[in-house]
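Shown here is one chain on its own, the form predicted on its own, set out as structure tokens.
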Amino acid sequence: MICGSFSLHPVGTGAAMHRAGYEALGLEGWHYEPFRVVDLAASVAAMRALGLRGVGVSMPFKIEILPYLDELDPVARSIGAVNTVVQRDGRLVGHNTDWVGALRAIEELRPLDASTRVLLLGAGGAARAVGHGLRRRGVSLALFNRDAEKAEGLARELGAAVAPPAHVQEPGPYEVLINATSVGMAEVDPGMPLAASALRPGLLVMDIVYKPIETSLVQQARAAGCTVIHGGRMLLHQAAAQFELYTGRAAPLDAMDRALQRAIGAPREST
């Protein structure tokens, strides 16, 4: 059985985790290959023709792929983006495991419920997926984005509040802070998505950026006494959720985690 990933610039991180999972479970005949996509329609047609079991989908194709699919699961439909496609009986079904990865990474360390106050930074595709997941837990959610109009639009969609600018300059009334922007990525903007003065001891901070693992936010949050979740944890858990969709088997998380460490140098535990 062949699975893979559709990407503009394929990397081996996902492949390493999935292959490690197949090996750990003794799934002979299962293979995972990254595919560089230059023509999305042709790539989806090839998936059908070759009988690929599933593919992971990276930006910029998470929305572009929607018209080529036969079905969306309810959460992917709500989010409006797909990062996983599974082929069942010749039908291509779109899923989104980004929100699962984010929630599993947080819930390794603390529960999420109606009493949890969360500040989510961003209003793009990643923030949409994470925000939908958080609302499924019923958290008290506030959004902040440099583009206030985008923040207001996503907040209306999610039934969330818009955080005032002061809350990214000084500590706000939140237990959890999540960076779902591209700020921190080495190739985009290696800076901070909020002021270091907004961090405080006891705050749980998750950065979804994983290149590099030690982003400026991770470093500053750790120095401020926060509990920190690096981007590799969400990456691991969203891949594990994909693995389960592809195979119908529980993902061997330890084996996949070790493969992730080797691929991008991610520490196994958040601190």
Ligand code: ATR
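Each residue number is its position in the shown sequence, starting from 1. Nothing here was measured: the structure is a model prediction, and the numbers come from that model.
There is another form of this protein, the form predicted in complex with the ligand, and it is not shown here; the text below is about that form.
Enquirer: Pick from 73-81, 89-97, 169-177, 124-132: which stretch has non-hydrogen atoms within 4.5 Å of the ligand in the model of the complex?
Expert: Of the options given, it is 124-132.
Enquirer: Do S182 and the ligand share at least one heavy atom pair within 4.5 Å in the model of the complex?
Expert: Judged by the heavy-atom cut-off of 4.5 Å, S182 is in contact with the ligand in the model of the complex.
Enquirer: Give a yes or no for E107: in the model of the complex, does one of its heavy atoms lie within 4.5 Å of a heavy atom belonging to the ligand?
Expert: No - in the model of the complex, heavy atoms of E107 and the ligand never come within 4.5 Å of each other.
Enquirer: Flag V188 as yes or no: does it have a non-hydrogen atom within 4.5 angstroms of any non-hydrogen atom of the ligand in the model of the complex?
Expert: Answer yes; at least one heavy atom of V188 falls within 4.5 Å of the ligand in the model of the complex.
Enquirer: Using heavy atoms and a 4.5 Å limit, would one call D147 a contact residue for the ligand in the model of the complex?
Expert: Within the cut-off, so yes.
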